[in-house]
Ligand code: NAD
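Here you get one chain, nothing else, as structure tokens; it is the form predicted on its own.
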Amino acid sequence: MNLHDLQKWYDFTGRTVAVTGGAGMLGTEIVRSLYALGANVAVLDLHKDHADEVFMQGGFDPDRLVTVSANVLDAGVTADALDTVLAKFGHIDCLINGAGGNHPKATTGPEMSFFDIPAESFKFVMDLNLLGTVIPSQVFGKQMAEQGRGVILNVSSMNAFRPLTRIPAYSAGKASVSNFTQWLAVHLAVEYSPKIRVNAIAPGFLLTNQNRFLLTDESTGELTDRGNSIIGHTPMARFGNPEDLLGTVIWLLSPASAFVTGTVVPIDGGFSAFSGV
């Protein structure tokens, strides 16, 4: 193998990547990086107007980037989104399952004990994270099975390795995503094609709109007790940035990881490796 071959691994020109939750904070950074590497990108998001605002007014070439209305909990709508992607770009190479999240009514605290969490709130969070990964994987994965190739990248969480206090539904949902990632990797490789790979990233603690005021005080910007505890258990002594995910994401989508499937890669500043002493 020569240097030119190595450089081509990270050239995504002509490749098509669909990103669910693509207009969220993390999704936006991933979309921007893949676009910069030459990929055709389909931004699938429940709120297409927001996706249009983020991307269509940002100088992106409409020949290489399309925003698509998509509900990852609705198989029919997701199938329509795939049809839109195929009509636009002709094929699909990669799917990133970035949609997910928590809900305040499934979070314990002074005003909500675990015993009082409504079943429908717990179910909503589980469905959003697990079924929101399963359904797009069924729809786009079937197309990849017919092609005999493709890459699926799921977004798990550090909560899948070490469940955090206060967020039982989110922790359980992401643990399910990790398990499903391993199952699907084996299933698609054995039953359909070893050229279909499935992996996941497990981000550690990033400051996002979802958790910002759990980790920092809204009025002062100082770390909360929870934020201090996380930093104290993170060897690199900082929260992550969305950009910290990009190297691993690009590697797992690229031919550089051609012999990697069924893995869940922590991106956590060493949190999962630290015993606390």
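The shown structure was predicted, so the numbers you read here are calculated from the model rather than taken from an experiment. Residue positions are given as counts along the sequence shown, with the first one as 1.
The form predicted together with this ligand is left out here; the points below concern that form.
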Next item on the list: Check each of Ile92, Ala169, Ala200, Leu206 and return the one that places a heavy atom within 4.5 angstroms of this ligand in the predicted complex.
Entry: Leu206
Notebook entry, point to check: Pick from Thr248, Asn211, Thr234, Ser33: which residue has any heavy atom within 4.5 angstroms of this ligand in the predicted complex?
Noted result: Asn211
Notebook entry, point to check: Counting only non-hydrogen atoms, which stretch in 83-91, 110-118, 152-160, 139-147 is within 4.5 Å of this ligand in the predicted complex?
Noted result: 152-160
Check: Would Asn71 sit within 4.5 Å of this ligand in the predicted complex, counting heavy atoms only?
Finding: yes
Notebook entry, point to check: Can you check whether Leu128 is within 4.5 Å of this ligand in the predicted complex, heavy atom basis?
Noted result: yes
Next item on the list: Please run the contact check for Val17 against this ligand in the predicted complex: heavy atoms, 4.5 angstroms, yes or no?
Entry: no
Notebook entry, point to check: Looking in the predicted complex, any heavy atom of Ala39 within 4.5 Å of this ligand?
Noted result: no
Notebook entry, point to check: Taking heavy atoms and a 4.5 Å limit, what residues of 88-103 are near this ligand in the predicted complex?
Noted result: Gly98, Ala99, Gly100, Gly101
